[in-house]
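In structure tokens, one chain follows: the form predicted alone.
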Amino acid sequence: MYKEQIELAKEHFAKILERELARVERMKSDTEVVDFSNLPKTIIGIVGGDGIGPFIAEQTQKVLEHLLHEKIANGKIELRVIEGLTIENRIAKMQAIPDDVLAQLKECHLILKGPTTTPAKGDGMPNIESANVAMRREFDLFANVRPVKVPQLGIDWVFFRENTEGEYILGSQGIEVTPDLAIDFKATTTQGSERIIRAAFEYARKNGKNRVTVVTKANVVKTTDGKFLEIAAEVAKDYPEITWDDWYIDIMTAKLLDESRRTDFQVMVMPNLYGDILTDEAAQLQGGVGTAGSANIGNKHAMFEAIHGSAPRMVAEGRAKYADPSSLIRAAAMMLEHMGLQTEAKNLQMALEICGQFERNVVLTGRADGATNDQYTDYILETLNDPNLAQKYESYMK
């Protein structure tokens, strides 16, 4: 009855399998790792993106220019603004990342990116792939690292989310077999799972953590999530000093809210979709998704971004100047750490916590009854310039 539709679906699926198997072979051969702390000159591409993105990117650039002024002046670091990664330009060229923009991004060692808009079915825009997904695939940014820290609640979490597989990597390649049946795909590879799980264990080892938690839904999604969990068990054998356990995503979302259990968690690693959900929940405990930064790490490139969306409603209502820049500034702190600039990164992280969680002398509300992002950034810079920054931070931590 549906012979023709099934044959077309089989052809479509075969093409997906060919591309994914080719990706596996590339992962097997790609073993070179760049040391971002040892480059003679580092080019940082700053991408505003859509909606509130250009507003918070401008503020983040101001912070970086302050912290890195000597290195910028002597040519060790270049901040390069890259235009064109906007929904309008992407639709006009019908590309997730327009070719000219991609060429500019490839000239950079590191990318600091504001949020970009991804068209959703039914919103009247063409079905263009997420710029984030395309960038992660193009640069093989397999590790999405998101820290969440709320000292007064005893929360100090780091999430390792697999970034190039799962449901998202094939999110725009599903099949509507008939008007009554739509199929999407989830891809999990041995190589992709092993490297993200090992990255989480390596982080735990280097940072004095003694517990890694693996999050899946392997009891139901047996083949793909089952593979992820099996690989975790094998990787864990190489880290005997670290305790590991596994939780299912549904109960894990509850346990992050459980005051009696959540302080037990330290480093968590999980497939793509689960990581997206769990880190948004975790960020809300920190003060909202506007407060959380995100790193996307590969062997040769890295991209740092805010974890929230482009907030087109804020722009439409004329409120973009009140958008919280903390998420992208936090991402910049992660970038500084990745560059080996530990002092600058630590100072910025301390300033963000003092301003956002302890003092709160300048408060953002997202509306005219609160501060503008320019005023809030000035507050961060003022805090950074305090010669007693470290002592002030320690006093709040007691």
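A residue's number is simply how far along the shown sequence it sits, counting from 1. Computed from a predicted structure; not experimentally measured.
The same protein has a further form, the form predicted in complex with a small molecule, not shown here; the description that follows concerns it.
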For this session: Would you check, heavy atoms only and a 4.5 Å threshold, whether Ser130 touches the small molecule in the predicted bound form?
Result: yes
For this session: Indicate whether Met252 is a 4.5 Å heavy atom neighbour of the small molecule in the predicted bound form.
Result: no
Problem set entry | Arg90 within 4.5 Å of the small molecule in the predicted bound form, heavy atoms | no
Exercise. Within a 4.5 Å heavy atom cut-off, is Arg136 in contact with the small molecule in the predicted bound form?
Worked result: yes
For this session: Sort through 186 to 194, 149 to 157, 218 to 226, 304 to 312 and report the only stretch with a non-hydrogen atom within 4.5 Å of the small molecule in the predicted bound form.
Result: 304 to 312
Problem set entry | Asp100, Glu78, Glu202, Asp276 - the one with a heavy atom within 4.5 Å of the small molecule in the predicted bound form | Asp276
Exercise. Phe265, Trp244, Tyr322, Tyr168: which sits within 4.5 Å of the small molecule in the predicted bound form by any heavy atom?
Worked result: Tyr168
